[in-house]
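One chain comes next, on its own, written out as structure tokens in the form predicted alone.
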């Protein structure tokens, strides 16, 4: 895998608060190599290490995108939901930003059945089929459609398991991470100072609470994916 330059700037990361970790009482000792200092009861992440692993992640997604691989971005906390959707749509990736339904990947046949139902209902709605049903039946199906849109809207075009999963918050998305580990799907994970750096294939030490930090990391990955995709489109 060729190493490329991704314009990862330490000052830009500091301005985004990427270096701010959790309180020193809420930490995972495995994160010690990624912590550079303590300040006012808070661990400070070593941004040089962050830049290194972010660059590795960008190289990985660029290479995968240039070969037509598919990505899934997962981040379900309310404050990060919009950023996850924005990043995924920009890079033409699948995403989950509301709630991770247990077994979404490990029980793919069930997820696929739900997706078929979702697509059928969307087609019925677009063609006016729901309006031709009795009001009670139409109302029930519209509720189903709304529910499916919330939880499956970001993966409605996914036809199989993703090749790489990007996870914004290891603690919040632990079930998703475990499913990826079970299936052997490579993962890229933002890890704060309370996380386990050994679980993901590439762990990027970063503040997973601040929106500015999440956006910066996702933006770098999006740029890499988009550049990789443009190469794949030119050389299919």
Partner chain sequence: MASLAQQIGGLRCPSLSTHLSRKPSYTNNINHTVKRTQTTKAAAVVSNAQTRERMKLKEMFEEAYERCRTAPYEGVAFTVDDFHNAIERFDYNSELGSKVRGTVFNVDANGAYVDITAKSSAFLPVREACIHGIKHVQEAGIVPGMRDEYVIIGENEHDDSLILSLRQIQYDLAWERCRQLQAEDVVLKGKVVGANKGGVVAIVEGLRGFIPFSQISSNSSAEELLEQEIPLKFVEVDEEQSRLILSNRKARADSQAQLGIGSVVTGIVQSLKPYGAFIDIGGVNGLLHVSQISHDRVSDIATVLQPGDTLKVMVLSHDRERGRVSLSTKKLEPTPGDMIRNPKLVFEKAEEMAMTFRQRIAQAEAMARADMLRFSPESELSLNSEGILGPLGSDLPPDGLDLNETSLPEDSS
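Positions refer to the first chain, counted from 1. The structure presented is a predicted model; accordingly, all values stated were derived computationally and were not measured.
Form predicted in complex with its partner chain: not shown, discussed below.
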| query | finding |
| --- | --- |
| Option touching its partner chain, based on a heavy atom within 4.5 Å in the predicted bound form, out of 135, 126, 79, 99 | 79 |
| Its partner chain contact in the predicted bound form: residue 163, any heavy atom under 4.5 Å | yes |
| 4.5 angstroms heavy atom contact with its partner chain in the predicted bound form for residue 169 | no |
| Its partner chain contact in the predicted bound form: residue 58, any heavy atom under 4.5 Å | no |
| Contact of residue 200 with its partner chain in the predicted bound form (heavy atom, 4.5 Å) | yes |
| Every residue of 87, 191 and 221 near its partner chain in the predicted bound form, heavy atom within 4.5 Å | no |
| In the predicted bound form, residues of 210-230 near its partner chain [heavy atom within 4.5 Å] | 210, 211, 212, 215 |
